[in-house]
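Here's a solo chain for you in structure tokens, the form predicted on its own.
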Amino acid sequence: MNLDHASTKPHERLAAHLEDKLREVNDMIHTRMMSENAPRIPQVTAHLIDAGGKRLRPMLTLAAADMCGYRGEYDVHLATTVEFIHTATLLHDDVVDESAQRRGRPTANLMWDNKSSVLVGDYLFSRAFQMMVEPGSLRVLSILSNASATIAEGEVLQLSAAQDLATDEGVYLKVVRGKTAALFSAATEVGGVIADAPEDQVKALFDYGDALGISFQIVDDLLDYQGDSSATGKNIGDDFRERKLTLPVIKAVAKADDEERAFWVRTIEKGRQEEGDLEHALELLHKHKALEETRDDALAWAAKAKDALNALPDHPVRQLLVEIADYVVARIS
């Protein structure tokens, strides 16, 4: 099923179901990103926050809490915290990657400067830590603070692994678990914890978020080599040009002969890229079925995410979370 052709997408239906709570999250985001002393903070934050992101991660927190029967107010605090952590990482990522565009708009580091992006990102991380203590739960604080550390760890690991042909699928998975899946799994897990859900349900929520986040990132890496630029907002081969060793290339390198390996050393490790190299890289990916195998991995992780939901209560939200897992991989199905 290609969910892109559905009249409404599952994340849009989930947003409609959570409409009142999401409105509260948006209000809290705009209240808590304010600064009396540094007006540039809300300017930079609003540039990214209001650029039309799906709010998927905070929605996952609200959805998990709702599914587990939570009726308090702190799900809104935690969803806002998750969005602040996510926004902070995007601001930092765009500086590290020297990106010029995010969500179809110039990046904050381009609109202002690198210093502003880094410092406003730091401010949002600090705001997130202020907010994550408000529910008064040490366990919630532990989950979200650990996720913040894991995200930073994943980004630093990627710096050293991204252009090293010795990077294997195990290291790639550590990077993806760090930079992407950690916040997905924390977002879902804290929703269950705040609702005092049974431990098997909290574990299932963690497992869902973890597998969904891994699938999400694998799809993103696959689309870099076979996506529709108008839909993804990225040019085909951006990761190749930026010398990022993502899963399709890792799979091709593992099967490379000496001549092919020399090509990958020149283009990825040494960064000496010439006219026609992207086309040759695509030929090698197809030759070794690296794109097909990457697609299979993404589908397998989406299936794991859906399986995890079996331990959760029968609830309208549960079916929407199943469909979101399908939607994440719909673009490559």
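Counting begins at 1, following the sequence as shown. What you are looking at is a predicted structure, and each value in this text was computed from that prediction instead of being measured.
Beyond the structure shown, there is the form predicted together with another copy of the chain, which is absent from this document and is the topic of what follows.
- request: Would you check whether another copy of the chain, in the predicted complex, lies within 4.5 angstroms of a non-hydrogen atom from each of 115, 129 and 149?
  value: Each of the three qualifies.
message: Using a 4.5 Å heavy atom cut-off, which residue among 123, 206, 216, 240 comes into contact with another copy of the chain in the predicted complex?
response: Answer to the contact question: 123.
- request: Could you check which residue among 254, 133, 165, 262 gets a heavy atom within 4.5 Å of another copy of the chain in the predicted complex?
  value: Here the answer is residue option 133.
task: Among 36 to 44, 273 to 281, 303 to 311, 66 to 74, mark the stretch whose residues have heavy atoms within 4.5 Å of another copy of the chain in the predicted complex.
output: Result for this chain: 36 to 44.
task: Answer yes if any heavy atom of residue 142 is within 4.5 Å of a heavy atom of another copy of the chain in the predicted complex; otherwise answer no.
output: Residue-level check for residue 142: yes, a contact with another copy of the chain.
- prompt: residue 200 near another copy of the chain in the predicted complex, any heavy atom under 4.5 Å?
  reply: Judged by the heavy-atom cut-off of 4.5 Å, residue 200 is well away from another copy of the chain in the predicted complex.
- request: Verify the contact flag for residue 92: yes if a non-hydrogen atom of it lies within 4.5 Å of a non-hydrogen atom of another copy of the chain in the predicted complex, no if not.
  value: Looking in the predicted complex, residue contacts with another copy of the chain include residue 92, since a heavy atom lies within 4.5 Å.
field: 4.5 angstroms heavy atom contact with another copy of the chain in the predicted complex for residue 196
entry: Flag for residue 196 set to no.
- prompt: Even though the chain is shown alone, can you say which residues of 148 to 163 have a heavy atom within 4.5 Å of another copy of the chain in the predicted complex?
  reply: Read in sequence order, the residues that approach another copy of the chain (within 4.5 Å, in the predicted complex) are 148, 149, 152, 153, 155, 156, 157, 159.
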